[in-house]
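So this first bit is one chain, no partners, the form predicted on its own, shown in structure tokens.
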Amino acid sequence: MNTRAKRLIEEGRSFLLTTHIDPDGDAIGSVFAFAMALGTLGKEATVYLRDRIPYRYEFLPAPARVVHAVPEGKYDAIFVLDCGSLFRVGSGHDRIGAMAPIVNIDHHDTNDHFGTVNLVDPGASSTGEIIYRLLKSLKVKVDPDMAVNLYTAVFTDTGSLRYDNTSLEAFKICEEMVKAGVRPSWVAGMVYESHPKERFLLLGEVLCTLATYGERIAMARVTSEMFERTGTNREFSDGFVEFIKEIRGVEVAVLIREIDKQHHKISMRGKGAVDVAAVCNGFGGGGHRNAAGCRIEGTMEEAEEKILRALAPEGCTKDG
């Protein structure tokens, strides 16, 4: 464990914690567990999230102070969790970068080591795994609330313990969290089996746009009009790309979500044959070999064309 990060915690008193925009289970679980742990050490911890917590993670126990605007104040260090680049924090990232030394804690291959201290391990299953190790080195006793957060972080970022990043260490951490009081069936139910009906109305519309190219690339779209018709928003489409990935023979699954008519969010999943992180990195994004994302400027059609050129430079045609 990085001794500089440990020393900053031991010698400091007040800390700001943050993570990336559109936070997932690993991001929220890690930052919440870490904030709670700092509290048990007698430290002051403020969590800044640009976006509100997605409905599927509202069950997670939250620390005392969570804010949605960059707070004023003096901090001994700023911990940025699960972010490959500082700009992924969202609005205010430039201010955050100038406030105090930054400790960058992450597990993405594409991390650009933006911190004063970089605790980056691409071999870790999740950022939650790195936080677990840090808490052990600080001799923090994991209570039931921390355990739920850490379990959720590892469980969701390994795709329910079924992705390639599911390591022996990931299983061991989950075992420890269960011993600390986590009920796996309850967490799984809250994350995967507690969706509003509107999510499935949206999914129906999205699947109607599904197209395959050369039988190995599958792509679908989410538009603002779909959100309006179904009474949903962007968080309702979280995980849709996983359905596309399940198609037999498909090597790369892509979901294009409209931000506005000239900006689109890309979620990409692979099955090992293609490094989708490298593809997304070419558009200023990043992630893991089999799970990555980016943003692309241009119309929906232009975004689709750019993705297809990146995935199949030799060219491919739409099936059927």
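Just so it is clear, the model here is predicted, and its values are computed rather than measured. Numbers for residues come from their place in the sequence shown, where the first is 1.
Just so you know, the form predicted together with a further copy of the same chain exists too; it's not on screen, but the next bit is about it.
> Indicate whether residue 248 is a 4.5 Å heavy atom neighbour of a further copy of the same chain in the model of the complex.
Because a heavy atom of residue 248 falls inside 4.5 Å of a further copy of the same chain in the model of the complex, the answer is yes.
> Does any heavy atom of residue 271 come within 4.5 Å of a heavy atom of a further copy of the same chain in the model of the complex?
Residue 271: contacts a further copy of the same chain in the model of the complex.
> Give a yes or no for residue 85: in the model of the complex, does one of its heavy atoms lie within 4.5 Å of a heavy atom belonging to a further copy of the same chain?
Residue-level check for residue 85: no, no contact with a further copy of the same chain.
> May I ask you to state whether residue 98 is within 4.5 Å of a further copy of the same chain in the model of the complex, using heavy atom distances?
No.
> Please determine, with the chain shown alone, which of 122 to 130, 104 to 112, 142 to 150, 193 to 201 has non-hydrogen atoms within 4.5 Å of a further copy of the same chain in the model of the complex.
That would be 193 to 201.
> Note which of 183, 74, 229, 136 lies within 4.5 Å of a further copy of the same chain in the model of the complex, where distance is taken over heavy atoms; exactly one does.
Looking at the other structure, the residue within range turns out to be 183.
> Sort through 220, 174, 78, 89 and report the residue having a heavy atom within 4.5 Å of a further copy of the same chain in the model of the complex.
Contact with a further copy of the same chain in the model of the complex is made by 174 alone.
> a further copy of the same chain is absent from this chain, but in the model of the complex, do 161, 212 and 319 each have a non-hydrogen atom within 4.5 Å of it?
Every listed residue reaches a further copy of the same chain in the model of the complex, so yes.
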